[in-house]
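Next up: just one chain, as structure tokens, the form predicted alone.
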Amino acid sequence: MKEKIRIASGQGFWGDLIEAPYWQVTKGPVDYLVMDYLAEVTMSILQKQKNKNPDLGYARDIPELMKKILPICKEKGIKVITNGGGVNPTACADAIIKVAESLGIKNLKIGVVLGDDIKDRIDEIISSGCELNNMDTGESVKTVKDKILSANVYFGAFPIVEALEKGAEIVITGRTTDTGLTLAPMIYEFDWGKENYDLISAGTVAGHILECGAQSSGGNFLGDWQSIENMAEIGFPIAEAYPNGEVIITKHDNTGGLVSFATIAEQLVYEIGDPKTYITPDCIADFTSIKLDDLGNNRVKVFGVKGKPETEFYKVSCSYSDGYSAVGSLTYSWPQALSKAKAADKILRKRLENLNLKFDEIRTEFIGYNATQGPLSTELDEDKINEIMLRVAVRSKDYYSVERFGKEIAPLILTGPPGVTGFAGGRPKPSEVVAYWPALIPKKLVQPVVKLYEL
């Protein structure tokens, strides 16, 4: 058993800083690189890509990234774990194999976790008595079954552990929990038992800290953000993990950003519900038990975590088609910029009403005034406003209504208030609205499958 391992976060979402994984494997010692690419809407995007091309459906940044880091990881013995396989982990593995072959790399083992995609099993699952009821509304998935774009089960850490036990140097998964990516190496290296829920919860908490990348090392920091140094080369977080469940969060010395009590505490409260009941497929972690000790020099100790047994369910993330939307914008200049924008909105809404168009929702934002704070925004002195952007969005099940809305924006330029600019890119076009359907499924109905590919 190792005395400690260093697990580096390389991505917080698909589209995160492209250079971060390279910095993590070159600027200091690490044992694992974990990369979280998936969000709920990402799965539907990937499914659409796979529907058009069966060789797609994964984060396409990965093969290009592997060209840079695979030789380094192979030389240093750094193992890579990512859920960037999306809805097509096998294709992602195939793409990495092609990269390895082009680089002349041999003796490479890639583990692939399958079984999370249940889109084609919906009827079978309903027949078993599980109607995948919406966790918010209680409705049966039958109400949207024919419009489902993707349906994926959140697996936890243990399928990844199985892949590591089979010798995988790279593990590609589909919809695995963000926390599971970091927890798995701890279970594997320290031989943690599945029933040791305090240890499993400690690893889960570490995963929660790492899952959003640099958000825990100074990025998006609400505290004294102006004091954060060298954000251009921000260091992504690293979990220095120990067999007793203690973890020190840090970063490479020669990088920007900040790891402190405040940055870690802020990340800990990100996207949690009941802090005593943080539910994952692997455990229920009690976030109120977490203790932090700022050791200085960008090192924060996380310890004392308590946990409870996992539930008998997996969470399911479904996406489905729910109509169409379009967004249009115009910018109004001083003087009376806000009054002009409000008048234009009123004119537009009246014209849409006169056309008898059908919308589920029309939403207006006055950027520079209320786009971020909504009804809490303070009234402004119009004489001090240089410009206001009017942004109007519509949503409807009726394609024609959304399409026609797009044709009503440009006419405001010459048939509305003066001092207008900012119309570019042509008429707003309808785009499909993808809605989210969260559900639970008994674990007995889903079985993860781990396959090993050897080069």
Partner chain sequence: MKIKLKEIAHARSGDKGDAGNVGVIAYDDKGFEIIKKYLTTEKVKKHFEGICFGKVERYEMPNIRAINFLLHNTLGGGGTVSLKHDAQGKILASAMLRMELDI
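Residue numbers count along the first chain shown, from 1. Predicted model, so just to flag it, every value in this text is computed and none were measured.
Heads up, the form predicted together with its partner chain isn't pictured, but that's what we're talking about next.
Given the stretches 249-257, 159-167, 355-363, 84-92, which is the single one in contact with its partner chain in the predicted bound form, using a heavy atom cutoff of 4.5 Å?
Of the options given, it is 355-363.
Residues 190, 244 and 310 are flagged as a possible site; in the predicted bound form, is every one of them within 4.5 Å of its partner chain by some non-hydrogen atom?
No, none of the three is in contact.
Considering its partner chain in the predicted bound form, which of 220, 134, 329, 230 comes within 4.5 Å of it through any heavy atom?
That would be 220.
Which residue, 404, 60, 391, 27, has a heavy atom that falls within 4.5 Å of its partner chain in the predicted bound form?
Here the answer is residue option 391.
Does residue 325 reach its partner chain in the predicted bound form if we count a contact as any heavy atom within 4.5 Å?
Heavy-atom contact with its partner chain at 4.5 Å: present for residue 325.
Just checking whether residue 270 would be counted as a contact of its partner chain in the predicted bound form - the rule being heavy atoms within 4.5 angstroms.
Contact check for residue 270: yes, within 4.5 Å of its partner chain in the predicted bound form.
If we define contact as a non-hydrogen atom of the residue within 4.5 angstroms of the partner, is residue 434 a contact of its partner chain in the predicted bound form?
Close contact exists here: in the predicted bound form, residue 434 approaches its partner chain to within 4.5 Å, heavy atoms only.
In the predicted bound form, does residue 41 have a heavy atom within 4.5 Å of its partner chain?
Because a heavy atom of residue 41 falls inside 4.5 Å of its partner chain in the predicted bound form, the answer is yes.
Even though the chain is shown alone, can you say which residues of 257-292 have a heavy atom within 4.5 Å of its partner chain in the predicted bound form?
Those in contact are 261, 262, 265, 266, 267, 268, 269, 270, 271, 272, 273, 274, 275, 287, 288, 289, 290, 292.
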